[in-house]
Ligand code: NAD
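First comes one chain, alone, set out as structure tokens in the form predicted alone.
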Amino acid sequence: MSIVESPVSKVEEIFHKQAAFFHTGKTKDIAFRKQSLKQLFQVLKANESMLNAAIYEDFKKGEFETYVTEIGLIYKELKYFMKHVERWALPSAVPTNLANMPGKSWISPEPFGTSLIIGAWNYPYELTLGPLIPAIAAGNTAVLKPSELAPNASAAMAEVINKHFDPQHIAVQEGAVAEAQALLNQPFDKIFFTGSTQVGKIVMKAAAEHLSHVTLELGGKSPCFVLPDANITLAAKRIVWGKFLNAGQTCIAPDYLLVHESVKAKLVTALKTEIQALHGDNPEESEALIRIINDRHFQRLHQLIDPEKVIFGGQTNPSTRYIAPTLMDHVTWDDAIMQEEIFGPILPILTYSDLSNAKQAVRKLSKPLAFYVFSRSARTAKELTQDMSFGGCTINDTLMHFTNPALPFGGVGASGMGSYHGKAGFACFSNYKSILKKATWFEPFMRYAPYTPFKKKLMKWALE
């Protein structure tokens, strides 16, 4: 595999070429946008084997899981955009108020212009190429900065994109902190970042220098409530799948469980059963359990495991960055594992007896990116989701709200700013211009001086 690199000194050149290309107006053409989306679909299909091999080298992610959680989602989103982009790009008429009659009003979407997409390592294809889809569909140019923590996936994307697309339109810039900073120094019209809250703050500060429009997709400790009336067997199955998928390295993974005391013992037994069913007696040999991305993250996770509170799993292998699916019980809000987003295959279990107190405890933490509740009562689940603040939610399952293109995906507060997917993604990369057209055959005399009581009466009638 050849690695396409653009040195830091070339970043400014890439930006100016894309800015110049955008001002030709070519990206605003709907046919050009649809052809670019079609081309992206085709080149990804043609290079799927290479993409699979690259991500396996980074953290042992297999072909099936790569398709289900990354490439397949990208294909689906591409088809969705190709079907709808022409309609989304049309101006839409809106009512005109009495004060502006006779006249017409409409809203017209336009691309921001130049866009920078900084991807994340945990789902390197989905979280880098995924945002590229609405960027293209909305008519922007794009520079992609994949995460250097997944170097093989980054190189694969660079090879696929830089080989098949005009760099004036779409380009991949590989590198680490220096390259990212060089990109952030450019006055991009739009910056889309996926990653940690800490780095998100750095991106936000850099964007402020140019007043660039920003979308931040961050993370947080996403709670999972298991209520007394939940289907425990099914809840355990879906929690285990969602928590240990990608070895827990998922921004919307259930970070911890809040289980009612009356069903805790039954749930713990079911969780153990489901982990064994999914990963076997020796999870280290399971094809469905990938590895931790690097030694630094492995050591961080290893330190979060309290051996005295482990009730299942806990085994680690630093030489292969393996951490077994791990359950920790008798966890308190003061434990180390509750002080940060886990982002690994460790599931703390907290118990509650009073739902109001449990909700209050969750509210003391930053607003999460995701929220989960398992309950047979539609009313209780609805009330709980209305009471709490979060980015997105799935009731009686985990992760799956991410897969619906009709649902905007994004966070709130420390878990993010702005949303995308489907039409929300098109809006994310678009500026909506408000336009009013007035008739020339009539002029309302009452808005001009001299101001009289009669004119004021007419204006009140027109405005109120």
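Heads up: residue numbers just count along the shown sequence, starting at 1. Fair warning: this is a prediction, and the values are worked out from it, not measured in the lab.
Missing here is the form predicted in complex with nicotinamide-adenine-dinucleotide; even so, the following discussion is about that form.
Although the partner is absent here, Val199 lies within 4.5 Å of nicotinamide-adenine-dinucleotide in the predicted complex, judged by heavy atoms. The closest non-hydrogen atom of Phe409 lies within 4.5 Å of nicotinamide-adenine-dinucleotide in the predicted complex. A residue is said to contact a partner when one of its heavy atoms sits within 4.5 Å of a partner heavy atom; Gln181 meets this definition for nicotinamide-adenine-dinucleotide in the predicted complex. Contact annotation: Asp189 falls outside 4.5 Å of nicotinamide-adenine-dinucleotide in the predicted complex, judged by heavy atom distances. Heavy atoms within 4.5 Å of nicotinamide-adenine-dinucleotide in the predicted complex are found in exactly one of 340-348, 226-234, 95-103, 273-281, that being 340-348. Here is the short version: of Leu355, Met388, Ala176, Val310, the single residue with a heavy atom within 4.5 Å of nicotinamide-adenine-dinucleotide in the predicted complex is Ala176. Shown without its partner, this chain lists Trp88, Tyr256, Trp121, Phe165 as candidates; in the predicted complex, only Trp121 has a non-hydrogen atom within 4.5 angstroms of nicotinamide-adenine-dinucleotide.
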